[in-house]
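What follows is a single chain, given as structure tokens, in the form predicted on its own.
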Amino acid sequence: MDTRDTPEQAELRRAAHQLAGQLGPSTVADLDDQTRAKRLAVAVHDAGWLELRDDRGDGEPLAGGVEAAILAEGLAETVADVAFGGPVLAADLARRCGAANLGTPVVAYTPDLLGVAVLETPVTTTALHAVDLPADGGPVYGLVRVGGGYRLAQVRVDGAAIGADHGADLTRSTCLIPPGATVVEVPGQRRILTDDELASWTALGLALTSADLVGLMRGVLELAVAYAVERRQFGVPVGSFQAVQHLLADAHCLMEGSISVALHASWAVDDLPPADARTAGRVAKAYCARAARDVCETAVQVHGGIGNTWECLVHVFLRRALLSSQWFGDDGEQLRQLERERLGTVDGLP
């Protein structure tokens, strides 16, 4: 694969960086600025970024996994508090089923967030989670089994029974859908979703969450380096101390390695067979999830005592990394899945 951006991808990367830099939060207090957040959401919607994986007319998406990952990374770099990954994944699932999108949807996930919920009709029997909801809400998609495949379904809930909550992540809304929600098939579907299609969709989810983690690492490292240059101790910048330099250098190496595996995973979504694409996504997510935790903790440490305070933006990056790591499975879950797929074992070596 050629890792260089095409002119169009380079422009998309520049646009994401510029938009997130202008309208994303620059302080923790900015997260309470609803006017700014609404402007950011409108800008992302008007740019057409939520439609990247919509059907272009022949069943194929308008843009590839690489383009979607570029935007996910760019928005995460400034912890932009706007729904992106959730609606894009829902749109891609609808496209694979040949269904028209209903508003700005999101996906209902299993309680452990490892994948899309396979529902029972006519009502749900377990609690579900929706992730990365738009501010104005939208349809919630799940799947129902039909023979050897799946069809797209919508989870309908009473507005009073569902409420958005940021949880640990202060930049993306999640919600709990209690049991008893009505499940109906989405009308107008032209295709049955196969296991291969579901594996390919999972590969996209792994690629987007890995790209989000890469953006978080890049952004939090920029904060840490800037602070190390500015903060002075014993009359010199703390960045001149070798111990601090080693911490930042190690973190930078982790980020660079993450960039490589995440890029391969995003390319694999549309260019490798579904099982291979999902494997590439698992490798990327295993590496990125572990690296992001170390990089964010390093940033907190470099900031010293202030790194553990509410006013320091670093904790917002760390909180977002917690959700991105859990979404589609953290490093431990990916390594267990790779062990099962490649070694044919359930737990441990045979």
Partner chain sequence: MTTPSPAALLDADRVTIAEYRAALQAWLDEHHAELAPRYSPPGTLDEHVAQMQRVKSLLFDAGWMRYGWPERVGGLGGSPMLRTELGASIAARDLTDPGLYSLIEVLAPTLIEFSPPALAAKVVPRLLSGAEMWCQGFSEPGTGSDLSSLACQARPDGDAATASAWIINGQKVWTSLAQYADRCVLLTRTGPPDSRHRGITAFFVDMDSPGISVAPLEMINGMREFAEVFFDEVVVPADRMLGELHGGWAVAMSILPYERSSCFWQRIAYLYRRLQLLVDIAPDDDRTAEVVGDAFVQLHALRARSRATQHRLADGATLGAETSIDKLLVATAEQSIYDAARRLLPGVVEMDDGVIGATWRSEYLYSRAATIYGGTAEVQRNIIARRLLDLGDDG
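Numbering follows the first chain given and starts at 1. This is a predicted model, so every value here is computed, not measured.
Although it is not shown, the form predicted in complex with its partner chain is what the next lines describe.
Of the candidates Ala168, Ala226, Ile192, Val123, Ala168 is the one whose heavy atoms come within 4.5 Å of its partner chain in the predicted bound form; the others do not. Using a 4.5 angstroms threshold between heavy atoms, Asp58 stays clear of its partner chain in the predicted bound form. Its partner chain is not shown here, and in the predicted bound form it never comes within 4.5 Å of any heavy atom of Gly64. Under a 4.5 angstroms non-hydrogen atom cutoff, its partner chain in the predicted bound form lacks Ala249 among its neighbouring residues.
Proximity of Glu51 to its partner chain in the predicted bound form falls outside the 4.5 Å heavy atom cutoff. Shown alone, this chain has one stretch from 104-112, 201-209, 82-90, 275-283 that lies within 4.5 Å of its partner chain in the predicted bound form by heavy atoms: 104-112. No residue of the trio Ala10, Ala15 and Ala135 has any heavy atom within 4.5 Å of its partner chain in the predicted bound form.
Interface residues of 293-311, taken as those with a heavy atom within 4.5 Å of its partner chain in the predicted bound form (partner not displayed): Arg293, Glu297, Val300, Gln301, Gly304, Gly305, Ile306, Gly307, Asn308, Thr309, Trp310, Glu311, in sequence order.
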